[in-house]
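One chain follows as structure tokens, the form predicted on its own.
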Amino acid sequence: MSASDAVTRKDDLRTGTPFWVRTPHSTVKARPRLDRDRFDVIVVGAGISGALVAEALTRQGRSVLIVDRRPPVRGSTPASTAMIQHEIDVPLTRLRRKIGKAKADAVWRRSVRAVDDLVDLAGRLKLDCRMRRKPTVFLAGDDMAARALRREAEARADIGIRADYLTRSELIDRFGMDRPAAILSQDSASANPAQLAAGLLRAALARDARLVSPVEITDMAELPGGIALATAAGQVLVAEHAVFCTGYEYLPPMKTASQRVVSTWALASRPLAGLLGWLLDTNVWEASDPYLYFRADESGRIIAGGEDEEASDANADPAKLARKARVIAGKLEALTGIRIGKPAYVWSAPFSVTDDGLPVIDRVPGYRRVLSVMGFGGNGITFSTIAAEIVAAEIAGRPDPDAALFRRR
């Protein structure tokens, strides 16, 4: 492999300017060069996945090097709208048909636990990232009608996940949105994703982790007692383990037939006065294709997105970005009556999805000491939390009981 090559896929990770990159404390200063070349673990990727993994590993007392080809927290993480959902893109009733009841139930329970774990972690670390627990309203749409939502709510309740089925009149009375039905869930959250990732990186650095950028990994080889990573600058980095947290710029050996890269769009309004209290305190998304989702932050700024397309490069078109922003704003107004005017920020990005909506958290084929974290769908932050827990347990030699649910399929 030549020095100009990269070991992972390369993408333009976003078009436009996400609101989060304009907020304070949303990145971390990296070292320009290494002062040592041997560590317990090398984490490749300084976004939310890498930050969570690095925090978990340094909490165990391990020496950690974090590298990225970009500045920290300037890849796909700022493209997130950071509705930190326990709800997986594939509903529980459908996931049971895909992977079986026992596995599906375990995945959904773990997702609920992950949100709770992340909120607790942010609190313990005192991260200034606007982390808030929030309920979610999941609206009936063209993909799931009222009857299907009722079955879904019952299935969740049966396994101990809080889920209330709302009729049309209840939905209108409580939230002013006119849809045939909805599910009100209690176990989600929201945050500023860039501040969250930066705060986690700072926590790892306070435990003597190293963060170096830009570093391009061009090759890797397994040694008898570790892993060696070659860089484009000609350095060789050595560790007992390596963890690739490179998001949609995945390692090619991790690619599976069930995975595909799609495009999504998002916007942030200017701060709006007079928003109803429920909107400030609730995440909303719909069971439609394409779907709309939205929330508000503490300043009254609405963050909304959706309009996904099954095309990996559609997000790169600036003209389409403007059109999609108008569609999203129009759908928001039709549903809530809120007219946001010209958005303050618009952006688009690619992201990966799988047929079952689940991430891949596994060892890289052909390597015993290289793991890969690939978060998919609308649950990237939630899945990254699960990944950090699984990776830390695996490296500690105490495999997580749910690890098999997220292996390469």
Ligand SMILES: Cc1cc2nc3c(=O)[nH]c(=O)nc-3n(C[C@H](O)[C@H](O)[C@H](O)COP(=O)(O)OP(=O)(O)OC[C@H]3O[C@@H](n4cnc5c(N)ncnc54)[C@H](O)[C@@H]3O)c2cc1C
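Numbering starts at 1 and follows the sequence shown. This structure is a prediction, so every number in the text was calculated from the model and none was measured.
Beyond what is shown, the protein has a form predicted together with the named molecule; the following relates to that form.
Checked against the named molecule in the model of the complex, the candidates Glu216, Glu286, Glu152, Asp187 yield a single residue with a heavy atom inside 4.5 Å, and that residue is Glu216. Proximity to the named molecule in the model of the complex, defined as a heavy atom within 4.5 Å, holds among Phe138, Phe175, Trp108, Tyr293 only for Tyr293. Between 363-371, 336-344, 49-57, 24-32, the stretch whose residues reach within 4.5 angstroms of the named molecule in the model of the complex through a non-hydrogen atom is 49-57. In the model of the complex, the named molecule lies within 4.5 Å of some heavy atom of Phe351. Residue contact with the named molecule in the model of the complex: Ser76 places a heavy atom within 4.5 Å of it. Heavy atoms of Asn315 never reach within 4.5 Å of the named molecule in the model of the complex, leaving it off the interface.
The closest heavy atom approach of Gly357 to the named molecule in the model of the complex falls outside 4.5 Å.
Contacts with the named molecule in the model of the complex, taken as any heavy atom within 4.5 Å, map within 48-72 to Ile48, Ser49, Gly50, Val67, Asp68, Arg69, Arg70.
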